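The data below hold one chain only, encoded as structure tokens and taken in the form predicted on its own.
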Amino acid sequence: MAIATINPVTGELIQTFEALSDTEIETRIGLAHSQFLKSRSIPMSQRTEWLLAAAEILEQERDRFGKLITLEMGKPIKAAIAEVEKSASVCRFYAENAANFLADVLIQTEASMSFVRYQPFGVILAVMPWNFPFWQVFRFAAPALMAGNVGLLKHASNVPQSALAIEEIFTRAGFPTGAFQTLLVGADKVARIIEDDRVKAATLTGSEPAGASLASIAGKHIKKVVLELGGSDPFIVMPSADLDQAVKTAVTARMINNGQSCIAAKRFIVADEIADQFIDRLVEQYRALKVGDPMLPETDIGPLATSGILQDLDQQVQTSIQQGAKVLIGGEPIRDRSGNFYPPTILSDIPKGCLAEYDEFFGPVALVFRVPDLESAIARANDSPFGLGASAWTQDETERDRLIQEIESGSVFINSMVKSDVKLPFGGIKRSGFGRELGREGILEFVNVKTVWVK
């Protein structure tokens, strides 16, 4: 894939970028390593000042960065601006809390003094996706830089301007040259970078194959990785649920980012008793969504990020239909306009063995499953290779406790949609990856937890 900005609304090639040569990559890694040797001794107070300055830049220029995000990957402009604001919030969170998170922990032992000290790893490679081009990067970079690490960013090839803008933000905020660098390279260069002895660890948010490849390479070199991969999150609705709120949230939870989110609700698992009502209301609200130019504030659904994603999603839907799934609304690309547009779609009556049972659909397609009771709902939710997040709707305390305890996922949200919060750890299990971002747990992923014992 060429490193280029292509407008997903029109298919127009906006700008192309030349990939770094092997010599240039070597120079960048060398710069990062030499900067780390200096950065690890920079006082926490100074890093705090720089990260707060980055937050200030993001907040003051949210509109400019939001338009850049929308231009490159097509999310509605309101959501793009909100993403920039959330990126500022994660900078502020770690600027304000990192010192406490990384403070020495005294532990009483037979020693005269014993404690745990947290120290940075060094150069960290971040391989990041296009769907949240600012947020995904900042939620890695903010804790990593505050811990004293330095960052190398290999961003998705369709958001190069966002990648360069992020490096610019850290530079303008005062971080030293080399503390955070964007590497405009293709996926074929990732192995070479992670194999370099000066690169100490890596994090990846993306597809399962990409995560498996990175983890395999890192494993051969005994290097730590954090992986946040795909998801096919269940959205469980029981008879006691507030149905109005559940349906309203179901629309938002599926359509966030034009349906291109790992933690979007994808499988709607609904109790038979209220299934007809839920489905009828869901179809009605899907029908009211406005598909169009993502730069317009009234647009609900913009285009998919690339033509390839559009083709893949359509193939999944068509295969599911051929295998017996029923289309309630949507079901094929919008062909009377240019761009990568796919309408809000609902598939129901999904038969056993259908592709829609287990595949992740990365676009505005909801999959509806009917179940007779809570036991069946939990079984259906857990019958997935993924385990990122889960949303469950019930007013019954016993049901709530069982859902919290028995759902196999990195997070469970009761009577709310799944979302990332800077204060809480985020990550998955099974094929959704391992390791955590955000919260205190996020900053501890890339530090040496050093035991100190003094006689």
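None of these values were measured; they are calculated from a predicted model. The first residue of the sequence shown is number 1, and the count goes up from there.
Absent from the display: the form predicted in complex with a small molecule. The rest refers to it.
- The putative spot formed by 129, 229 and 388 is fully lined by the small molecule in the model of the complex; each residue has a non-hydrogen atom within 4.5 angstroms of it.
- Taking a 4.5 Å heavy atom cutoff to the small molecule in the model of the complex, the contact residue among 295, 187, 279, 329 is 187.
- The partner is absent here, but in the model of the complex a heavy atom of 210, alone among 210, 274, 334, 354, sits within 4.5 Å of the small molecule.
- Heavy atoms within 4.5 Å of the small molecule in the model of the complex are found in exactly one of 279 to 287, 120 to 128, 336 to 344, 143 to 151, that being 120 to 128.
- Although the partner is absent from this view, residue 360 contacts the small molecule in the model of the complex, with a non-hydrogen atom inside 4.5 angstroms.
- Not displayed here, the small molecule is kept clear of residue 166 by more than 4.5 Å at the level of heavy atoms in the model of the complex.
- The shortest heavy atom separation between residue 36 and the small molecule in the model of the complex exceeds 4.5 Å.
- Within 4.5 Å of some heavy atom of the small molecule in the model of the complex lies at least one heavy atom of residue 426.
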